[in-house]
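Encoded as C-alpha cells, the following chain is the form predicted on its own, with no partner shown.
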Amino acid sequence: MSDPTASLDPCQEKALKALITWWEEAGIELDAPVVRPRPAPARATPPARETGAVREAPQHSPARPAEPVRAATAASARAAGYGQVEHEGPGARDLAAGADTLDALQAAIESFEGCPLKRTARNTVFSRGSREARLMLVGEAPGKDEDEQGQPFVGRSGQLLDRMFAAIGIGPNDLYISNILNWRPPGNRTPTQEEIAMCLPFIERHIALKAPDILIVAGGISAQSLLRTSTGITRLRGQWQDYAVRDTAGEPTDKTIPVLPVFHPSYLLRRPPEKRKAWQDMLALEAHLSSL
C-alpha cells in the first residue's frame, strides 16, 4: 500500500494520520483485511477417578446479575463506608454560589469536606484544557490515572478522547474538560445517586462560569444528571439538545447551551464496534461548529 501522506504538507499529514488511526480503532478496513488468530482449542477435562463411592455434583450458586448503573442507594453506600459524613461547613450549593470565577470555584471544591469520596481519593480533579475553548466536555468521574495526576481524562480513555477530537481538527487547546464528580469512587465503582446529587452544584456552577459555546456530555451518568432525564445514553447520543444554565440556587435560567450527548471513551474501549456511531457524532459536532 502506498503512503497516502507522501504529498501532504505537515499539517495535512498530521490530520490524516489522526483520522486513519481513528478509523483503524473503529474497525474500518482500509486496504488490508483484518486477520484475527484462531481461538485455541479447549482442553479436554480429565475424567474423575473411580473411588467406588458416589460423588455428589458440586453445588454452584447462581451467578449474580450485573448491578444496574446508578442503582446504589444511600443506605448501601453508608453500609459500604462511603455514606454521608459529618460535615458542619457550608454545603456544595452555598460554596458553588459564592464562586464568581473558575479559580474561586476550584478553591471552593478543594475546601469542601462534605463528600465522602474525598476521603479515599488522592487528588481533587478539577479540569484540563484551555479556559478560552469554545467546547466544554463533561465526563463522569475520575479513574485511577486521573486520581493520581489530578486531571480528567489522562488515562487510556483520555488518550482515545484526544484522538477522537483530533480526527476532526480539535486539539488540546480547543477543548475544556471536567467531570460530574471531582473525586474518584473507590475501585472505579459506579457513583451513587447521593454522591452525584451532592456534587452536582459544583459542575452546574462550573458550566455557568465557563459559558462554552457547545457542551458535550460523555456517558450516561453525565447526560442523565445534567439533562435531568432517565433516558439511557444509547438513545441520547447523537441527539442535540439544549442545556439550561443553572443559577446560583440551582434553578434553570433562560440561557441555554447546545449540548451533544456522546458515548464515554471507556465504553468505546470495551465496545469497539460502537466507535462507528461515535465517529458519526464527531462529524455532527464538526458540522455544528462550522455553522457557528
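Everything numeric here is computed off the predicted structure, so don't read it as measured data. The first residue of the shown sequence is 1; numbering continues from there.
Keep in mind the form predicted in complex with uracil (URA) is missing from the figure; the text below concerns it.
For residue 202, no non-hydrogen atom is located within 4.5 Å of uracil (URA) in the predicted bound form, even though that partner is not displayed. Taking the partner from elsewhere, residue 191 is found to have every heavy atom lying beyond 4.5 Å of uracil (URA) in the predicted bound form. By the criterion of a heavy atom within 4.5 Å, residue 264 is counted among the residues contacting uracil (URA) in the predicted bound form. Contact annotation for residue 183: none of its heavy atoms lies within 4.5 Å of uracil (URA) in the predicted bound form. Considering uracil (URA) in the predicted bound form, the lone stretch of 145 to 153, 116 to 124, 206 to 214, 102 to 110 in range is 145 to 153 [heavy atom distance within 4.5 Å]. Along 93 to 132, not one residue places a heavy atom within 4.5 Å of uracil (URA) in the predicted bound form.
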